[in-house]
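Below sits a lone chain in structure tokens, taken as the form predicted alone.
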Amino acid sequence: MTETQRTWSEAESARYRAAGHWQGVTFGARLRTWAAAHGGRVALVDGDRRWTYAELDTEADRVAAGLHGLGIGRGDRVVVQLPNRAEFLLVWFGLQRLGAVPVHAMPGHRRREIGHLVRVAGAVACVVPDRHARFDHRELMREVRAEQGPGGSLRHVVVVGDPGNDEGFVPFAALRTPAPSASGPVSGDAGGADAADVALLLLSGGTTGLPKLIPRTHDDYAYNARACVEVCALDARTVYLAVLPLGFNFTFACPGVLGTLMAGGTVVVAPDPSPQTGYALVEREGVTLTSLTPPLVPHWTQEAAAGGWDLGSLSVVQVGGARLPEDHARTLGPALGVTVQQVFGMAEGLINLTRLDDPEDLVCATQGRPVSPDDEVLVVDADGRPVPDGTAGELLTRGPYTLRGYYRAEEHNRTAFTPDGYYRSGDVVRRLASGHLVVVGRIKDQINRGGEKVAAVEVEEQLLTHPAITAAALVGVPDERWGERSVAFVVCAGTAPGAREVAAHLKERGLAGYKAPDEVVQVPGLPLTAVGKVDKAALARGLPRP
């Protein structure tokens, strides 16, 4: 264990290496190997821009050299907040070449979240777009930089696009010139990194407020992707369409981007998740595999039913990030002419997939089973005792790619893990005799709105800063489109603000837009349980069913 990372025991590490799960290769070195094996094959497509494996390898060196020139090196943390565009991967692999650590931020994060990530990670740099979705990320970074002050860790802001007039911003284009020499600082194996080092930091759902950081090593994260590749039978003919944000674990390594590159396939980046954009790319690039969240499924099926698209190349559509309603699962396959694969996993580790040859009932009514034979799963009651198959309980897990501790969060780690290393997921599941899991809900007070995790405590705290609100409770209620929608129950001295006013207030407070409640309901008071806590179940019961 180090100051920032709890890790596996020596015995466990030896067992995972002996099993071939951990191969002792860094991502910087893996890209070099892929380039040698598939040099002329197309690795990455973004609009009209294409990179072969050899060109992707060269671009990683160029970006690494530019970052090295800024003083970024092994172990430095860099927040990467880029939308779906090729530069995400160019930066990611450039950092891996140096042994530096990308922190995967989401495009929708704002001042509160980005400032938190910079502070907790001790990030020395951030990489952002100039503008995305009509939002100016340069102004965001000015705010974050001002909050950090002269004593903060943040030294550089790299802007993909127009850096504007701020002399403190580094244009991404400037990092790529001149080309590095063969004897330059990145000519070796990932800047001297070790495969046991932290390779990247993913974000938790943030059940107690702002997200925690999830350390993933080169060894464990590569196995995460490789185990998914084996289940999904990816090969050099695979063309993966990245519809969801590249920073999501689901998109990046389940098997996603990394898995496709491991198999020698092609990654196609979709600039937005609309079915029109997606289907046009399926036709043009011969896409074979893509990943969606449940809220996207009705839109994609409706557009397919409208006709006019050639989807003949598309073979498998994965759905994850939230539970897929069974009727949607049953209609998706026939509507698109594909095999549906349900995915239930967590950035902390454990990934479950339905198998491509599973019977329809298992595909449509379960969320899959673990991808590794060494994934250990327990389903326990409130006292931590295992329950029989078919009985709902909390999912505990450990294994060769599931973390043993959050990054710089020792107090939380004491309760998030059992003494023998099992991660307490907070998910309530039922396990079938086949090993497949059925997701029932969450123990923690968190709302899963279409795959976006909203921590009720964080939003409630910010709701109370509105001058009209004296008490607030955020509750998740079932929703056919989103899986869950958020309802803010508020107590006010006068008339309650509407949902739009509340959303504007939360935006002003620096919260991401997806955290704004879908509905605001004024109540005379908040009901309490016998122990004096807000009775959110009672509030939810008082709402009409959608």
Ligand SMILES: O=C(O)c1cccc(O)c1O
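Predicted model, so just to flag it, every value in this text is computed and none were measured. Throughout, we count residues from 1 along the sequence that is shown.
Another form, the form predicted together with the ligand, is not on view; read the next lines as being about it.
Picking from 139-147, 454-462, 167-175, 249-257 the stretch near the ligand in the predicted complex, with a 4.5 Å limit on heavy atoms, gives 249-257. Residue contact check for I351: one or more of its heavy atoms lie within 4.5 Å of the ligand in the predicted complex.
At least one heavy atom of F344 is located within 4.5 Å of the ligand in the predicted complex.
None of the heavy atoms of L234 is located within 4.5 Å of the ligand in the predicted complex.
Although the partner is absent from this view, G99 stays clear of the ligand in the predicted complex, with no non-hydrogen atom inside 4.5 angstroms. With the partner removed from view, the residue among A322, V340, V160, A270 that has a non-hydrogen atom within 4.5 Å of the ligand in the predicted complex turns out to be A322.
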